[in-house]
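So this first bit is one chain, no partners, the form predicted alone, shown in structure tokens.
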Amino acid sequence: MITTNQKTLPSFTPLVSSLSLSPEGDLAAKLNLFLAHPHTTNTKLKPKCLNFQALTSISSYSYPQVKKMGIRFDLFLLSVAILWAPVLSDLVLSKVDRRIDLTSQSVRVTSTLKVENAGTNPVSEVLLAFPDHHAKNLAYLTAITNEGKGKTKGSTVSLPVEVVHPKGMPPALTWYSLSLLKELGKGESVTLDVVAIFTHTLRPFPEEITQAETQLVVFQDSAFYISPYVVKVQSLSVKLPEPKVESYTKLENTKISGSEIKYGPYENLPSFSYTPIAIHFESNKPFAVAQELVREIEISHWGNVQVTEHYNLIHGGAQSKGEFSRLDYQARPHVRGASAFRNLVAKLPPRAHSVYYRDEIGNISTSHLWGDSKKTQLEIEPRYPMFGGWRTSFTIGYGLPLQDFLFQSEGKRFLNISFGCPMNEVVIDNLIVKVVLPEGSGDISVSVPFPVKQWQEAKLSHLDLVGRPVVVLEKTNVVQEHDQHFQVHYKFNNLSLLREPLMLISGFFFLFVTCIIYMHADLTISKSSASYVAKLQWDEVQAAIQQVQNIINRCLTIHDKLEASLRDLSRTGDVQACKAARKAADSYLKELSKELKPLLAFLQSSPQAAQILPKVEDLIAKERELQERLMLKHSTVVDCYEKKLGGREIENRVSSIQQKVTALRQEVDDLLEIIDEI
């Protein structure tokens, strides 16, 4: 039975009485305030004695670099929450040894916990607590236990881990439960190794740097191990990538040696002890983040597994500001590009072949491939050095021998292949793995060693009839430790292997038969046959319709000339010239009308023109109506000019006629297009 008792809020004295800082202060002074723990005080360390005044004061400053960190108010809420938390008194942590590895962009926290049962009842689970602002970036969590001591130390055993919501606990904490392999009796103890990996926890500070500047980051955590249990002895060591430390929180029993900072040991810490620390240090390790990685694994039972990986990569470190100088970078890349990464190494499976590296432009030649019987490594270089905030997209593809990854068991086949990214330095925000199975596969099941989203879809490829089944697995916040093997089980009939060869053989067979029939068959059409006669008649109809279209187009050209004569009249006022143009147009239109009559009579007598004849007759009727309206407009305008009427009066008289002329012209053009299509 786990008992709890409510703790009272202890009194505290602010460690800093007043804070003042101008926005123009130097970076070190800003960071000292941001750390929220004094560097200038010699006050003896007291568990849970939090600097609330400093925390609340700092959160009110408005300079951009500090305000964007978004963590101080969370620390304040967490501090208040854990001070009111209950205590789980059955278990005691007799020794806690924490090791934080900050040598890459992922934060790896290894905690060795010696757990003792100080109660009377057996205990079967151990609770782990993480602040919410850390838990949201928790990518990987595992716990193992070691059986035996010293020379009798046995093999490690992984423990089940699950998210729980214990009652009466602080809301600012996320809880995980470790289920012990056997119950821990009164006075017994067990040693646990807990590994937690966090992403996007190291925050660039400053957030923007130039090409010549190195990258500085800030890490925040608690010097004390946050736990609902009493801790007798604990220590903390923080490993940095380089011994260049701008500043760090100094507490009692704090030592720095090269690239390692040690806190403790601290003794007799009550439950939920919490003292925030922050470390500001230089880190030029690759902050390569794949915002999305799509891995497509296609199985071919003809002996190959094709893997295609599409990367959408970004440098997740301090944003690059100012201009980029290629000359400076080429001359001194380690000085004028220290924060950029130039290459990445992909560790491919052994016997990988047909490797390629390309992007949307084409093949990228800046890559190196080498390997042996145990491994294959591909070193790739983007087209340009990757500075903070810069992006790139590329594709890597390679083939694998089928016999190394596809096996059979209990009447089913199963694929056994790695899940994650072959590049250890890359953190993946969203990973999608697609396993394309051969067409005809069924009874599909998937075994993955960690929770993922899963669904199925289909993919059509060459020689497919219904499509190939595709198993889609999706996981967010993926790190190197997720690169574990998973299995896809399915059933497949061996006779289905013959489907595609038979389709090819049948296709070529029918092609050759068709060619033979075509070469030996007489496909000529007799001139006395009904089909040949009908074809000749249709050709005559087409020729007649083409002549009708030409005549109508010539009529429309004459209409345009009449319109032009009216524009010349409005410009020159020469009525006689306008009348002469009208007389010439009348003559041409009469001749065209005579040419149109025999063509229309032929179409009316031909049965082949029955379908298109109504459109032709409608076209001729509309054109004649258009002629009449245009002649009326011409006569009206000329009459107005002879009477010397004003321009506005002329427009009023012809406006209704002009609207009709425009509508009829549009109808004629539409009919011409319809006849062309027929």
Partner chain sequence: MAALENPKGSTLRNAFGNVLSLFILLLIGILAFSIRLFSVIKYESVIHEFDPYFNYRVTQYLTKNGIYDFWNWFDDRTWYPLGRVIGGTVYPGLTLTAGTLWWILNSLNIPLSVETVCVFTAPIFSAIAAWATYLLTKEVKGTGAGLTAAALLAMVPSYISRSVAGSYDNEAVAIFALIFTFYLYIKTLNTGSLFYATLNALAYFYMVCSWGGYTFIINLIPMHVLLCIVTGRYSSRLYIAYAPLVVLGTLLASLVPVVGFNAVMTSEHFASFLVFIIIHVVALVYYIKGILPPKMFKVAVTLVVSVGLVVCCAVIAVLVALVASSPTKGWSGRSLSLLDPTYASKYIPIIASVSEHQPPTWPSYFMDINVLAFLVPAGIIACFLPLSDASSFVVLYIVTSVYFSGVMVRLMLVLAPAACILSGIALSEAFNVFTRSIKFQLPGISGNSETDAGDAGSGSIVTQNDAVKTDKNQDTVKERPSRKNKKKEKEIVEKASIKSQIEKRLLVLPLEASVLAIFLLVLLGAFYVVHCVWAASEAYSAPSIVLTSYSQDGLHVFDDFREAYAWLSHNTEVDDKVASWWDYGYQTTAMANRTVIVDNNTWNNTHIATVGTAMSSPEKAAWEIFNSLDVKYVLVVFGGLVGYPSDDINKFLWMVRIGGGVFPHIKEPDYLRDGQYRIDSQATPTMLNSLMYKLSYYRFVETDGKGFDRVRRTEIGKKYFKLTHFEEVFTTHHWMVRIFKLKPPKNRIRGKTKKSKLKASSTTSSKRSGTRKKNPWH
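The term rigid core refers to the maximal set of C-alpha atoms that superpose within 1.5 Å between the two forms. Numbering follows the first chain given and starts at 1. Since this is a predicted model, take the numbers as computed values, not measurements.
As for the form predicted together with its partner chain, it is not shown, yet the points below apply to it.
- For its partner chain in the model of the complex, the listed stretch (100-108, 398-406, 539-547, 138-146) containing residues with heavy atoms inside 4.5 Å is 539-547.
- For the chain shown alone, residue 510 is not a contact residue for its partner chain in the model of the complex, no non-hydrogen atom being within 4.5 angstroms.
- The closest heavy atom approach of residue 469 to its partner chain in the model of the complex falls outside 4.5 Å.
- In the model of the complex, at least one heavy atom of residue 665 sits within 4.5 Å of its partner chain.
- Shown alone here, residue 186 lies farther than 4.5 Å from its partner chain in the model of the complex, counting heavy atoms only.
- Note on contacts: among 328, 132, 213, 425, the single residue with a heavy atom within 4.5 Å of its partner chain in the model of the complex is 328.
- Of the listed positions (576, 268, 557, 120), a single one reaches within 4.5 angstroms of its partner chain by any non-hydrogen atom in the model of the complex, namely 557.
- Heavy atoms of every residue among 363, 391 and 676 are located within 4.5 Å of its partner chain in the model of the complex.
- Once the rigid core is overlaid between this form and the one not shown, residue 514 counts among the residues whose Cα shifts by 2 Å or more.
- In a rigid-core overlay of the protein, residue 302 has its C-alpha displaced by under 2 Å between this form and the one not shown.
- Taking 2 Å as the criterion, residue 244 does not count as shifted between this form and the one not shown: its C-alpha moves by less than this amount when the rigid core is aligned.
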